[in-house]
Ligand code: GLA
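Taking the form predicted alone, here's one chain by itself in structure tokens.
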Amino acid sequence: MAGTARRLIEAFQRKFQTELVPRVYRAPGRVNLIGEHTDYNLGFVLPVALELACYVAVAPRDDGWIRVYSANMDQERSWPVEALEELQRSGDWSDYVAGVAVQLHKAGVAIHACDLYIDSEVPTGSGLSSSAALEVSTALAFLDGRPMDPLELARICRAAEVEFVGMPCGIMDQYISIFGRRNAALKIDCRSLKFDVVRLPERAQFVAVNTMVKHELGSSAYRDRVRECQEAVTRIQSRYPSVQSLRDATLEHLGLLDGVVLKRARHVITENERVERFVTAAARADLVEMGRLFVDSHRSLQYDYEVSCEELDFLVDTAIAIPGVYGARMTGGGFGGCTVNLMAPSVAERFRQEIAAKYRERFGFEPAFYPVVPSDGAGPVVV
């Protein structure tokens, strides 16, 4: 981590032609082990923060401008601080940075002129939450050592994505990027915004596999699912006013629904139950049950929530046919991105070789593999 920061400092100085030594901040991506599409329904999720992270170097300017460079995109953007209230979306990566600045400003935080140099290890479109890692790391850079309540920081970063970028996401991604714990998952209650630390069995190995595709349907379908879930709530409320979200619904309520709305609600209700059962299974180190819940979750996302795709289904079906792999499921928004796989450590190398060969034979290109090693949440990097 310190070595990454040193390289970032040198790149910052070359890019901006300065001898100033910037401060460096880090925010991790995440893998959600189970609890998919439940966060914006105020349900339960079980993510881990990753070692893969977005790094931002920051140093002050004296001319009233914010200047931002993305090493990943090799693009630069700039805005005058005094114009933050008038900023509009541009439809690219810079919206996440601008949105954070705008939301911090709305929250009463003074935004100072500065140079930002961004370099992220979290692959975009992977379902590993590159956007939240970018939002949280840039928020820390704008604060630059000034204190802020961590939960308020998560809310502000989520607001940047919802209100400025225009993606109606839940708070899970920003939350785990901030609150992540080394060697543990967090069971987050997305209504109370409290969490329990969940220790994972030592003999469990998790590996994420990237399909290397992101189908364009993803963004529009995400908004559709949010709307369909709200429609389910509205129908249930007509008979049961106490149901304020699908978090409050049970399988008995499904009798009031039909068609697509029924399927969406059934996924959310059963997925919340799967999170609870997964945590119980993890406590007794029952890898077989944990793996079964992975597969059940994927089938629900595949058939009821309909956010999977051919590549994700192929990876899951191929993985669970390998001896020693307990389970697999898509993770993230869907329509591409990653699967997360649970296996015995002894089969990890065979898993990688077999998955790569069969995926290459079927689709003509290589998937990418990422070890899922739970890490600490966001913060400054000491060089």
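From a predicted model like this one, the values you see are computed outputs, not experimental measurements. A residue's number is simply how far along the shown sequence it sits, counting from 1.
Missing here is the form predicted in complex with this ligand; even so, the following discussion is about that form.
Selected contact from Cys229, Ala98, Cys169, Ile178, since only one has a non-hydrogen atom within 4.5 angstroms of this ligand in the model of the complex:
The residue in contact is Cys169.
Single option in Tyr222, Trp93, Trp79, Phe142 placed near this ligand in the model of the complex, where near means a heavy atom within 4.5 Å
Exactly one listed residue reaches within 4.5 Å, namely Tyr222.
Counting only non-hydrogen atoms and a 4.5 angstroms cut-off, does Gly332 reach this ligand in the model of the complex?
Yes, Gly332 lies within 4.5 Å of this ligand in the model of the complex.
Is the gap between Phe314 and this ligand in the model of the complex 4.5 Å or less for some heavy atom pair?
Because no heavy atom of Phe314 falls inside 4.5 Å of this ligand in the model of the complex, the answer is no.
Is Tyr326 one of the residues lying within 4.5 Å of this ligand in the model of the complex, judged by heavy atom distances?
No, Tyr326 stays farther than 4.5 Å from this ligand in the model of the complex.
Find out whether any non-hydrogen atom of His37 is located within 4.5 angstroms of this ligand in the model of the complex, and reply yes or no.
Yes, His37 lies within 4.5 Å of this ligand in the model of the complex.
Of the listed stretches (169-177, 232-240, 102-110, 115-123), which one has a non-hydrogen atom within 4.5 Å of this ligand in the model of the complex?
Contact-bearing stretch, as computed: 169-177.
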